[in-house]
Structure formats: structure tokens, C-alpha cells
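Listed next as C-alpha cells is one chain, alone, in the form predicted on its own.
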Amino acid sequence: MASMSSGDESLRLCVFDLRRGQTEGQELDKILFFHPPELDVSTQLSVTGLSEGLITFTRLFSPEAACEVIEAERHSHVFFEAETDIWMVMVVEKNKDTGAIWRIDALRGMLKEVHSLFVMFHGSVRALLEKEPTGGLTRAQLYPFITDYLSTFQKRSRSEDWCCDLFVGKKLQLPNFRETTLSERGTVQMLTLARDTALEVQSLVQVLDSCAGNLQCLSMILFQDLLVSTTLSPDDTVNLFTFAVMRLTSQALLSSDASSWSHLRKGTGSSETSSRSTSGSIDSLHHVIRPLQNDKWKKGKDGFLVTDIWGLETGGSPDPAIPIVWLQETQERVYLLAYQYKSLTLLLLLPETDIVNGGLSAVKQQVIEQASLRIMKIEEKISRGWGGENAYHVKGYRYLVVDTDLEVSRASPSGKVATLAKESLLALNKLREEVDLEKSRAKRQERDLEICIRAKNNAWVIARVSRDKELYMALEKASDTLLDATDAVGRFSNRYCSGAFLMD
């Protein structure tokens, strides 16, 4: 991680609406979020004004796709149009001496991720602005949500459960090239199952569906922080998977307990909080939900996870309210039920409009009665066959495979990636930047691509792109020639990727 002070020019992150604040003297109205919030108003307006000017200027030459990044001498300006005229901009300082080296697409991936998570819990930013045109409601939800995302972003190793806050003291840490080179945000990591286990999981999914009776029931099953099964669309799967790994899985609950010392949570016991507006005043008029708040989920005696983030049930009930999320594919609100047995976590989603009084309790009881025994057996079977943290390590290779169509990735274990020399990682980072650039130029046209780079330490770093699949690899055997390296990639492709990356 590369550190950056929140009070200097190292990082600025803002969300603004181009449709607002167009009248002189009302420019501040366009700002919906700004980090760091303690910066004076003139500085905030300067950053958003410059960003708006760059967007307007680049649209003269590319009306359909405005700027994605502006590289200045000392800063990189990363742009993401989250919704029509709703822009997120991250300004990061360049400093190779401190290891502050980032791949632009990795930074944009963070912006995309936090927006997708926000929409999953709150709906679109534009819908919130239309609901309450002053922008107070939108700011009240955005400020704590993005701050919680930044300050409690989880980083885990399967060998040891530990949590690294993006905020350390008053410094913000962004994942740099060491963390992002062989990983892909916005994808899920799948668990490979034996055929007989896969059939048992499929049978369990059918049982879970029957537990809902006549209700439509979507489900997701995870083992530790790996996806086992899903009946959701790819986009909804990615969003819910990201949240589950961050807050719901057995790994997440352990990390949450271990990190309860964080100074960020001292004195903030309630999940309903006021938020800081752009002008620095406190807005306490809105009911604020903080879904990403850490240390808020616990496992109940019946195996279901509970939280007070959404308050209490209506009608004077002492029971915590059941979380509600938005599904992107169907644009409907669904209740989220989470059940956990050891390392297996099950998520059930049921339409809010179809649930009558007592309906969720009945579903939970059916899961306990009809599915709990199957869940126990599947968890035990998967655990016996699980290879541990290095289950997907391939000797001699450090790799990342991405299927952009299915939004799935697989990579070398983080502990193995950490053994790569800095020169190899920097070369890989440069390689991925080249591929990002080529993909941007080609847009959505299918194109096969291969790039090989010899690093300063004589390692080979190789990228192969074939339609919707991508492979990135580092080979640190110094005696290898280019032919040796390409042959090694071919062997890997044949054995682990069904020949998807063979080049003519």
C-alpha cells in the first residue's frame, strides 16, 4: 500500500452532477461528495471546476465518450461517468519514490465498484436526486457510504486473517501495483468442485428454492471467499459477492472481530448517523443506512446472520430489520437472508413485494428444517477436499486469468505473488497498462493480442487476450528465452485454460 496524506494534494475524490450548480453563485450545489471533506470550499470548487472543464473540452472531440484519464506532470486525473451526467473523479499524485504507482484502470475499477455497491443498497444517485431535489438526501447517503468503503476496505490472505484499513491515522492508502497487478476488481473467484459435489450443490439450490414455497428465490453459495453457486445475473453476482466477501463470509466475520480496535469506529456504535455536507455542516434530517460499516454482522443461534444496520422491525418488534438490496437485472428490491455453517455461507434473496407478515420467518424455518443437514454435509465434503490457500498455485507460474464475459477471474495466491521481484511486478503493471490501452482503442471489437516484455531482472511478463478471455503471467526463470517463455504459456493454456490462449 502506498500512503497519502488526506490533507495534502496526494488524493482528491469527488462526485458531482453536471446538471446542478450551473448558475453563478450556486456552483457548490453540484458537489455531492468530496474527499477529504475538510478541504476549504474554494479548493473543492477548483477540483470539480477543472474536472468539469476537462469533460466539456474532451466532449467536443468525442461526444459519445468523454475523457477517461488526464495525465499531468504531477497528478493523474481518473474519470468515471457513473450515471448520465453523474461523474466520479479521482486525482492522485505521482510519486515513484513512495511506491505510489497505480494502473489507471485499477483506480477506475474502485470507482465503478463503490458506485455499484451504492446502487445495490440505495438505488441510483439520479433517483435519489429526483426524490429529494435539494441533494441533501443524496449527500447524507453518499458521504458515510464512500467513507466506509475507503476506511474499511478488507484485504485478506487465506493463510492469515487480517484486515488492512485504507485509512491509517489520517493517511489514506490505495492499493498500488503490488496489490493490483495480478488481481481483477469487478470479478468473482470460483471454487472448482468435483462432479459429485457439484451435483449435491445443485440439489441444495433446488431445496433452497422449494423452501420459499411459491415465492421466487434467488441464491448464492460461498465457501470461505470463493463462489460455489449462483442463480443471479453476472452483474448482480459480482455486486453481492463483493459485499459478501467484504462483510458476510466466515473470513469477513473473523477479520471484523480482529479489527474491532480500529479508531474509526470508536464512539460510533450506532449505524444511523448524520453525514457531513459539502459545506461542512451536519445534516441530521435524513435516515442514513451504512451497509458497509464494519463489525456489524453477527451469527445468530439459528445460523442466520443478523445486523442492526437497518434498524428494528416495524410494529415495535425487538428483532433487527432484514436487509433490502436492489437487483440490477430486474430493478426490484429484495430481502437478503444470510445463513452460515462453518465456512459455507448461503445468501437467499426474496422479492420485497411478495412477502407478507411472517413470510421471512417461515422461509428461515424451512431452511433450518429441510436444508441444514445438506448444508452440513456439503461443507464437510468441500472442506475435506479443499487444498488450502495454495489450492490454485501452479509451480513456476505467477498468473491471472480473466473471463470478462462471465466476470470471473483466477489468480496465483497472494502469498505467491508477493514473492515476485519488484522489477517483475513493475513490468507486469506496465504490461497491463499496454493491454488496457489496446482494449480502449479496439473498444468492443473482438481482437486477439499478445505482448511479451523482458523485465530488468530478466523475467518474462506476458499477456495474451483472446476474445473475452485474458491471461497475464510472470516467469522469473532468468535463463528462459522468448521461445521457452511462450512454450510455457502454451503448456499452461492447454492444461488449465482448455487451450483458450494458444496462438497460431
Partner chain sequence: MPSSSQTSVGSGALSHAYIQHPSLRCNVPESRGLFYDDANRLLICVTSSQVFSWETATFNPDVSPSVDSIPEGPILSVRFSLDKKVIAVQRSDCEIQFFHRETKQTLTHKCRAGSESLLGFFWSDSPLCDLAVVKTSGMDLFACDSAMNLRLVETKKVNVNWYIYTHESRLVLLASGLQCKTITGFQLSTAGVVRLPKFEMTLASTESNSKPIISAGDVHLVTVYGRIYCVQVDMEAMLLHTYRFYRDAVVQQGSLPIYSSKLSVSVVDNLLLVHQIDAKVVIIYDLFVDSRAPVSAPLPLLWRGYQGSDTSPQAASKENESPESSTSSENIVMYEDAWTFLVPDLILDQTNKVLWRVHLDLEAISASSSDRTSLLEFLQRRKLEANKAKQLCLGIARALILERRPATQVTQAIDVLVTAYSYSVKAGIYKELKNGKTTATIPTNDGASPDNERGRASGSSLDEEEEEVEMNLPSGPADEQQESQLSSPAISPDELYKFVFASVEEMMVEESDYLVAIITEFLRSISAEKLKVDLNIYVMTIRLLARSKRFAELSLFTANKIIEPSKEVALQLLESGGQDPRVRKLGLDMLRQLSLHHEYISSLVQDGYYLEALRYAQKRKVTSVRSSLFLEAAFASNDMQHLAAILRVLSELIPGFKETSEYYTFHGLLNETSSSVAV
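Residue numbers count along the first chain shown, from 1. For clarity, every value in this text was computed on a predicted model and none was experimentally measured.
Omitted from view is the form predicted in complex with its partner chain, to which the following refers.
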Verify the flagged residues Gly123, Asp308 and Thr330 against its partner chain in the predicted complex: is each one within 4.5 Å by a non-hydrogen atom?
-> no
Interface membership of Thr231, its partner chain in the predicted complex, 4.5 Å heavy atom rule | yes
Interface membership of Lys301, its partner chain in the predicted complex, 4.5 Å heavy atom rule | no
Give a yes or no for Val394: in the predicted complex, does one of its heavy atoms lie within 4.5 Å of a heavy atom belonging to its partner chain?
-> no
Does the 4.5 Å heavy atom contact test between Asp196 and its partner chain in the predicted complex come out positive?
-> yes
Quick one: find which of 361 to 369, 138 to 146, 385 to 393, 398 to 406 has residues within 4.5 Å of its partner chain in the predicted complex by heavy atom distance.
-> 398 to 406
Quick one: name the residues from 120 to 151 with any non-hydrogen atom within 4.5 angstroms of its partner chain in the predicted complex.
-> none
